[in-house]
Structure formats: C-alpha cells, structure tokens
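This document starts with one chain, in the form predicted on its own, laid out as structure tokens.
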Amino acid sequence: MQQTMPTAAGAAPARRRKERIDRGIKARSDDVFALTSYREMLYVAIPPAIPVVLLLVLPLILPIYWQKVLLSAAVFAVLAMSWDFLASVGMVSLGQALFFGVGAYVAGILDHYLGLPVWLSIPLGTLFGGLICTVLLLPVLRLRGIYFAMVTLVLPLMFERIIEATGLLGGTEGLTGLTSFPNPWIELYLIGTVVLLTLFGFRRLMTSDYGLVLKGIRDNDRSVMSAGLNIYWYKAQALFIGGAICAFCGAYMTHVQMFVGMPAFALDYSILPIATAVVGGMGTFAGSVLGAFLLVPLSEFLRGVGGWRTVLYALSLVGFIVLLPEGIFHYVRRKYHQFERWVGVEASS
C-alpha cells in the first residue's frame, strides 16, 4: 500500500508505503533462553494459555443449552484439525464423515452387542475406527488432489446407502439405548481436554523431524522418494492418525447422544470442518479451533431468524473468506507479532 504526501509548491510529492516489522519481543523470544523479563514471558505464554483458560471456565458459566453448543463446537474443532493435518500431508479429504461414522458405529456395536463400558468402547472405537478407515483408503493413497478427495466423499455416502438397503446395524432406526456418560461434566471436560491435546500435539508434531517429512511429501513427494523414504508408508501413518482422531469424535458423540445411526455419515461432518479450517486459517490448527468456535455458535445465534438462517450463514462465510482470505488466525497472529509504519519510497532515476 502506497501513499502520496503533499509537499511545498514546486517540489515532487513524497511517496510512502507501509512496512511491517517484527516486534522486538518476538525477535528475542524465538528461543526460550532469550526471554529476559516477565513482559517477554507473558508475551509468549498468553496466546497458548487463552484456549486452556476458556475451555476450563466456559463450562462453568454457560447455561445448559450453550454447554451443548460448546460441546458441538469442540467436536467440530477436532474434526477440522484432523482435516488440516491431512491437508498438511497433501491428502485433501472431503470425507471426515467416513472417519466419524465408522468410529461411531464401532463404539455403538461394542456397547450394544458386547456390553462394553464407555471407558473401553471409546478407546477401542478410536483405535479400530482409525484402522478400518486406513485399510479402506490404502488402495487410493497413490491418488492425488481431487481424485483422493472424491473417493473420501463417496465412501460415507456408500456406507449410508448400504445400511439403509440391508438393514444392518439397526438399519434406518440405528442402535438406541446406548450407555451415557456418568455426568455432563465428564462429557464437557473430556472433549475440552481432547481439543487441547490435539491442538498442541499437532503443532508439536508438525515442527518435529517427522512433521517436516510429512510437509515434504505435500510439497514435493518425488524429492522425498529420491531420499529413499517410502512416502506411502508415511501417508498411511498420517491417515491413521487423522482418521483415529475423527473416529474418537464419532465414538464420543455416540455416548453423548446414546444413539448411532445413518446421520453419523451426514455430509455436515465433512463440509463444516473444511469451512471452519478455511475461515480460521489453514495450516495453523489453532485457526481450525478458532473457526469452529466462531461458526458453530453463529449457526445457533441465527436459529431464531427462521428461513433466513441459511442465507445469513452463507453470507457470513463469504464475508470471512473475501475480507480475510488468509484466515482469521493468520491475521490476528500477524497483528500480535508485527506492527506497521509508514516509510519513504526513494524515487527511481
């Protein structure tokens, strides 16, 4: 952005532009040993502390209805982080509903047919849900871009129609009367803990050597292959990690709702995580959390406007994307770490 400033008569107008500069504290806080004051320590500690404090305090002060909204936002935040993780490896998924639905049905089967308690069905649903989805998608790991995405989109729709046509696993009625959590506080703080573990775990993972290999597969898989690494083995591992996290959400919601059925494969579980990641800021994981905690409550706020809800919600999404195409988190982080000033532009001869 450039600006022309008025000058005295007969003189050429001075031209200026905005320059972004890192704050001095940021430059000194890249390494922990460089922190020299409480101000710098707070500068580094406050951003990661915000989600921790909010997820601890909000369940205590919100009414019951908005506690359920908070729970739903947390689930979509985890689904969005999983999608962001897979996209960071070059696997753009349109089928988070596949992972969610398989995890939900595995937990429902373990509860309904085998009578396993919640503390066993959720971990097993997470593990076997991620494993089943990984095995299903192994044959298409060599596909890239839209081809891989289309397969992930079709599979949950296919499973939904199979259950409807055959009547398996309760058919259109689903499995009902499943075991619930002992109390609602366990529901809220369990999913809040998983959001935090997923957020900080993914951020740590992607900055490790293992994460650099995964990013290299996304950026230039041929170069990674030429280094003697089996990229399909790494992609299978990433698929299992991302799928297992989504499967946990499905297993968790099965016991929250005490029901599992065809809605577990609904398209909402595929589309909304992508929208939250894009609005919040892709590639950051924190952006996915921020997007989920904006869009899910926004949807509930608009419930009172009736048929206009979809229109206003769509306009809100378009507004976020047009005004902040980089994502909200990228914008907020830049404003936090940098400041802008006007500097003169030298005239070219």
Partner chain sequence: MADNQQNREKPILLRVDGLSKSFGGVHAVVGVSFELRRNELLGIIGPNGSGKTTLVNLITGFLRPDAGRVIYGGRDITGWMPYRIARLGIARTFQMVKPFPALPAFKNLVIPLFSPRVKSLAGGRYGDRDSVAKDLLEDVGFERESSVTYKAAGSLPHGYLKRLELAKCLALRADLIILDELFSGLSIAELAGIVPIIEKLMVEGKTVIMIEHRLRELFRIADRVVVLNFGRAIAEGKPAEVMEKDEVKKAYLGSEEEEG
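Numbering follows the first chain given and starts at 1. The shown structure was predicted, so the numbers you read here are calculated from the model rather than taken from an experiment.
Beyond what is shown, the protein has a form predicted together with its partner chain; the following relates to that form.
Between 164 to 172, 191 to 199, 231 to 239, 269 to 277, the stretch whose residues reach within 4.5 angstroms of its partner chain in the predicted bound form through a non-hydrogen atom is 231 to 239. Shown alone here, residue 220 lies within 4.5 Å of its partner chain in the predicted bound form, counting heavy atoms only.
Contact check for residue 203: no non-hydrogen atom falls within 4.5 Å of its partner chain in the predicted bound form. Its partner chain is not drawn, but in the predicted bound form it has no heavy atom within 4.5 Å of residue 90.
At the 4.5 Å threshold, heavy atoms of residue 147 stay clear of its partner chain in the predicted bound form, well away from it. For the candidate set 262, 94, 127, 224, a heavy atom within 4.5 Å of its partner chain in the predicted bound form is found for exactly one residue, namely 224.
Between the options 212, 120, 154, 258, the residue in contact with its partner chain in the predicted bound form by a heavy atom within 4.5 angstroms is 212.
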